[in-house]
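This document starts with one chain, in the form predicted on its own, laid out as structure tokens.
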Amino acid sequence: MTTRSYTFTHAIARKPSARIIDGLRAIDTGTPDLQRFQQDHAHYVSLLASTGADVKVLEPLDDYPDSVFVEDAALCLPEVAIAMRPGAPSRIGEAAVMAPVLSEFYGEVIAVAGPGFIDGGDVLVTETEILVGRSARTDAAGIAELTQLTSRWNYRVREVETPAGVLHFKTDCSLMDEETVLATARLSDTGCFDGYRVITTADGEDAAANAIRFNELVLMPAGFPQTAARLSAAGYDVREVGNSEAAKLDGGMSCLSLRFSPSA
């Protein structure tokens, strides 16, 4: 069975820029090491490509230090690509840069026009709905516009709350399959995943919650052995990727790619 939420024919990633040291961060935990970031990024891309997907790797974009985190700039559904309207002022131009790239794959690319804001990192697409977390980067007006834009294809958008102090909704969760979500206990305890099977991250391993299911693989950040063991025990083919440098900029596995299967 083909599943639109984790079976993909394409992905887009962007190499980290030398200006990544100027990227946004909630807490300063040190300057990212560009060479290590590049190595980890190349490993990440190679794993995506190993599934047979067509992975387009864009060149660094020095004008936007955070542009390696391509997921925030767009939402890719089978029917349409939607340029987001990122909530950080320094990132709002990234969506306009991504739109012509997406037009290479999609017959239609539309955009969130505003005045609201919405980051792709707050959007979790499942087989039955689109969950969007309110956060510091995504507001009610942005969610309302996304709801209106996707209604043409009968998508159900459900607004949920991102835990206080958490940058993006998907910082704390990931889709594993049609019925299963990986999530932190603090997010799962809100009840937002009622009706789904939830695998919780191990104690002290909340940062493992941002993983991606990409075709037959689950890519997760390295260094969280108990959570990796839980996923493996549940039957997933887990591959660990170094994420130390992206994490210094509040980034993770989902942030580093746009994943899609255009239907037209």
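Computed from a predicted model, the values in this text were never measured in an experiment. Quick note: we count residues from 1 along the sequence shown, nothing fancier.
What comes next is about the form predicted together with citrulline, which does not appear here.
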item: Candidate stretches 124 to 132, 152 to 160, 186 to 194, 165 to 173, one within 4.5 Å of citrulline in the predicted complex by heavy atom; value: 165 to 173
item: Contact at Asp66, Phe69 and Asp250 by citrulline in the predicted complex, all three, heavy atom at most 4.5 Å; value: yes
item: Residue contact check: Cys255 to citrulline in the predicted complex, 4.5 Å heavy atom; value: yes
item: 4.5 Å heavy atom contact, Arg91 to citrulline in the predicted complex; value: yes
item: 4.5 Å heavy atom contact, Arg137 and citrulline in the predicted complex; value: yes
